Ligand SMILES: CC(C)(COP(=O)(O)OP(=O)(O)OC[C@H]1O[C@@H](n2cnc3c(N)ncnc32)[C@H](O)[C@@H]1OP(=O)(O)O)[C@@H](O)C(=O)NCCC(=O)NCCS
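Coming up is one lone chain in C-alpha cells, specifically the form predicted on its own.
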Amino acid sequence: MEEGDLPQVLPIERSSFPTPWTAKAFLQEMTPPSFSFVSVQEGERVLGYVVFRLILEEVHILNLAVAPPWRRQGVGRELLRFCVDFCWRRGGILFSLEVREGNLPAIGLYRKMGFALRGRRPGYYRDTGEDALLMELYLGGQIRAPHGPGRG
C-alpha cells in the first residue's frame, strides 16, 4: 500500500467497520515492522487491503477489508494467503488477530484458512461493547507455496 492508495482504501474502511481507521492510522502502519498491501484490479482499482505487523516469528493481522462489490469473491482469501506467505518467507510462524464475534463471514474465512479460536476479549470493541474472538494460526514445521495478489 502506498499513500496514493488511501483515497480508495478509506471508503472501503468506512464501509467495513463501525469505527474506521483514519488516514493517519494507515500511514503509521506503512513502515516496518508493519506492512500493508492492497489487492488491485487492472493495476489501479483497489479491491481490498491487509495490514499486519511482523516481529520475529509473530504476526499480528491488524486490518483486513474488501470493497463491498468484491466481497465473497475470494479477494479476502487471497489477501490473507498473501499475508501468510509473505510472513512465512520472513520467518513468521504464529499469526494472530481479533475479530468481532458477530462478523460471521470473517470468522468463516479465518477458519477456512486454518485459524483456530484461542480466546475471547470481553468488551474489546469500545464502539459497540462487542467481544473480540482471538484467533491464531501456527505454521511451525509446515511448508507453504507462494501466492500474492497485489502491490505493497
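Here the structure is a predicted model, which means the values were calculated and not measured. From 1 onward, residues are counted along the sequence shown.
Form predicted together with the ligand: not shown, discussed below.
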Would you point out which of 116 to 124, 32 to 40, 103 to 111, 86 to 94 contains residues with a non-hydrogen atom within 4.5 Å of the ligand in the predicted bound form? 103 to 111
Can you tell me whether residue 59 touches the ligand? I mean in the predicted bound form, with a 4.5 angstroms heavy atom cut-off. no
Going by a heavy atom distance of 4.5 Å, is residue 17 a contact of the ligand in the predicted bound form? yes
Touches the ligand in the predicted bound form: residue 50 (any heavy atom, 4.5 Å): no
I'd like to know whether residue 54 contacts the ligand in the predicted bound form, with contact meaning heavy atoms within 4.5 angstroms. no
Looking in the predicted bound form, the residues of 73 to 90 with a heavy atom no more than 4.5 Å from the ligand, listed in order, are 73, 74, 75, 76, 77
